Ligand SMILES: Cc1ncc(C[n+]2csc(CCOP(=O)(O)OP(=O)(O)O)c2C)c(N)n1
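Given next, in structure tokens, is a single chain: the form predicted on its own.
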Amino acid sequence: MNKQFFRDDIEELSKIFDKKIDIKKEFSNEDLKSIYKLMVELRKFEERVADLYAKGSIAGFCHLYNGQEAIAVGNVRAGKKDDAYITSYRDHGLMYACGGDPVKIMGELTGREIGCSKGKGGSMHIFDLEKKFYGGHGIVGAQTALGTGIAFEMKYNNKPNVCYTYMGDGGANQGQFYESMNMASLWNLPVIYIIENNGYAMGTSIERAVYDTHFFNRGLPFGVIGAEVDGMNFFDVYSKIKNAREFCIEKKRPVLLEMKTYRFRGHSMSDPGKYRDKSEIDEYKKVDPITQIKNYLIENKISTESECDKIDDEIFDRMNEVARLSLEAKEPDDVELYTDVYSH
């Protein structure tokens, strides 16, 4: 790829990202209500997960998505049929947004036979290939190479799709991410890398860990164009991903998006979060993605506050039912230990 082409690429993408969506043309009132509902479902599901973890019904590592719901929901709404998704271990929210069955997800977390990985994967390794969700992955940054491989298969078979390849800001420091971007650029693969920058790699702030905190620039040495996105705002996520997808398909080029977001809970359930002040969390809660979409519904007279509260209550009850069904489900038979396990 010559340098002039790359410069033209940057200019073209910047024009695309300048395009604003017309919310009223893009979404019906019912669409907007369903978006709010799904984001609340993700939040209430994770809150129920936290309760079950505290009671000992969920074991092992567990990473919650609270605060990052606009990214998963915005991405899936902007995606097209048969687009693929792959992420790291903070994975419940994205799988749910992809249409995953919450009972199967919760069943996996509680180690039940009905779980999406039959109780063997736990929180960090959930899959739903029917929904094109290629899993949560426990090795930091390793999924970036897998997502690039999925994009290679799409190109090889002339599929009009992209693979959304997620990682955290900590995962973006791993070497395989840069190797993957280099290959994606050399081979013109339809991959959109998404860095969920929630400000902390475990307990280390990005300011302490990296010199240049603008992660969206990380792809420039490899010819991968990047952009920063307000990951707390559904509409910004939706429009940026929709535009990036258009660019990725039409120009046959990879893209890097940095989602500026924030997690309201610790890195994992075992993290007390003492490295940040409560005032910091409270400040970010002022731009809670669910509150933002709720305010939009109310201000534009699409829903009333009482209608939103009713939705919240119904979802709360639904998640209690999800938890009950998962806990009442059968545990896997011992023989399941030997299925889907390979030796050489």
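Treat the numbers as computed from the prediction; the structure is a model and nothing was measured. The numbering used is simple: start at 1 and walk along the sequence shown.
Keep in mind the form predicted together with this ligand is missing from the figure; the text below concerns it.
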_Going by heavy atom distances of 4.5 angstroms or less, which of Gln174, Ser239, Ser185, Asn161 would be at the interface with this ligand in the predicted complex?_
Gln174
_Please tell me which of Ala209, Ala145, Leu220, Met202 lies within 4.5 Å of this ligand in the predicted complex, judged by heavy atoms._
Met202
*asked:* How about Gly119 - does it come within 4.5 Å of this ligand in the predicted complex, if we only consider non-hydrogen atoms?
replied: no
_Taking any heavy atom pair closer than or equal to 4.5 Å as contact, tell me whether Ser123 reaches this ligand in the predicted complex._
no
_Test of understanding: in the predicted complex, would Asn75 fall inside 4.5 Å of this ligand by heavy atoms?_
no
*Spell out, yes or no, whether the shortest heavy atom distance between Phe234 and this ligand in the predicted complex is within 4.5 Å.*
no
*Among 246 to 254, 104 to 112, 225 to 233, 133 to 141, which stretch sits within 4.5 Å of this ligand in the predicted complex, heavy atoms only?*
133 to 141
*Do heavy atoms from each of Arg43, Glu69 and Gln292 fall within 4.5 Å of this ligand in the predicted complex?*
no
*Residue by residue through 65 to 92, tell me which have a non-hydrogen atom within 4.5 angstroms of this ligand in the predicted complex.*
Tyr89, Arg90
